[in-house]
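Taking the form predicted on its own, here's one chain by itself in structure tokens.
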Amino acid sequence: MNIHEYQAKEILNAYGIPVPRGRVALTSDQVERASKEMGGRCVIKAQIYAGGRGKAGGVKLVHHPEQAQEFGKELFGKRLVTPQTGPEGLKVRRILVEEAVEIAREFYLSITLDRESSRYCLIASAEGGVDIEEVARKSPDKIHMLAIDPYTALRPYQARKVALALGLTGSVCEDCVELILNLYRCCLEKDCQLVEINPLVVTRAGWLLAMDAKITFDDNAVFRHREYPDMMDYSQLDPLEINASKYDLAYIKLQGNVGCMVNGAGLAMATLDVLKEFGAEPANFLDVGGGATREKVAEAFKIILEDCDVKGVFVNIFGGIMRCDIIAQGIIEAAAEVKCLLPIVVRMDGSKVEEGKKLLLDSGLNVQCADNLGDGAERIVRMLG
């Protein structure tokens, strides 16, 4: 689960991590008033669920309130396209107005989950304010990484070692040690997958500040934090993904034209790979889960068909817990409700598979049943060809 930068900074500030003064604005007039509060000279920052906003024209230093208001008018409603948004971009509906700060040095600091070691990993670099992936590729020696032992947690001496590796000394070094320990505490208590500060800066006055912040929460831990759903900006999400979440469906919109319905995340990823191998472009990732009901299958199928880019549907189901005849009934029910005429290929195997295939072939739908995954991918490509 993502949140906006201004929300991430509110959380960091609550953990004793200093951030610049700022105000969130929903209108250009609010941008102007916030700019006056900051003394006129301030930074205007578009709030979207993606990085790379600066290069996309979503961040600007302004010098007086009128200029802030004009830039606010330009930003509101604009779609920012960054490497993380895809070609359609994300619409700007909120703007953060922040005090301008004189920066002496910039750093990168984050704590993220390392799935390979099943531990939090602290990552720091003296090359802040730029793409950390590029730094890691060109100058890996400038990236400092520390796997955090969950039993002993992050210790002050480890945080100090990182601060010294960044070239910090004296009181700023000690401030950085405290900041790193607070960042780890935030990560644990808030069930974060990622807490990133880029850049963490030392100001000309000698203060540490988190100039930009990103926090991603673990979706599986949201039940422990009742406030999280209220923090979500649904305007930043795909409407189909929002609808899918209501039925506990794992759905991600992609750029292709073959709608996919699969049970099991691993099987779903394999299905996308095989479709690509046969020259098809998947329109989505959709996992209905292992114990889906007929109603859930029907809703999943309708969500696929709501995507205007979908020109054909590929269903790949292994009926272990879920019977194939129930899957077939769900598909037929959903297709009849929306009057689906699109080509459909169904590859099913498992419990009641023959009964399921018979239901589909007798349904009157434009459907073919495949014997295996490769056969199914070939059939849907041929039907769309």
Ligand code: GDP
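Note that residue numbering begins at 1 and tracks the sequence as displayed. It should be emphasised that the depicted structure is a prediction, and the values quoted were computed from it without experimental measurement.
The form predicted in complex with the named molecule exists for this protein as well; it is not shown, and the discussion that follows is about that form.
Q: Could you check which residue among Gln236, Gln158, Asn198, Thr85 gets a heavy atom within 4.5 Å of the named molecule in the predicted bound form?
A: The residue from Gln236, Gln158, Asn198, Thr85 that makes the contact is Asn198.
Q: Heavy atom within 4.5 Å of the named molecule in the predicted bound form: which of Ala270, Ala100, Val222, Leu194?
A: Of the listed residues, the single hit is Ala100.
Q: Going by a heavy atom distance of 4.5 Å, is Cys340 a contact of the named molecule in the predicted bound form?
A: No.
Q: Heavy atoms within 4.5 Å of the named molecule in the predicted bound form: does Pro65 have any?
A: Pro65: no contact with the named molecule in the predicted bound form.
Q: Can you work out whether Arg347 and the named molecule are in contact in the predicted bound form, taking contact to mean some heavy atom pair no more than 4.5 Å apart?
A: Flag for Arg347 set to no.
Q: Any chance Gly39 has a heavy atom within 4.5 Å of the named molecule in the predicted bound form?
A: Residue-level check for Gly39: no, no contact with the named molecule.
Q: Picking from 27-35, 350-358, 322-330, 44-52, which part of the chain touches the named molecule in the predicted bound form when contact means heavy atoms within 4.5 Å?
A: Answer to the contact question: 44-52.
Q: Does each of Val59, Glu106 and Gly129 have at least one heavy atom within 4.5 Å of the named molecule in the predicted bound form?
A: Yes: each residue has a heavy atom within 4.5 Å of the partner.
Q: Which residues, if any, of 65-91 lie within 4.5 Å of the named molecule in the predicted bound form when only heavy atoms count?
A: Result: empty, none.
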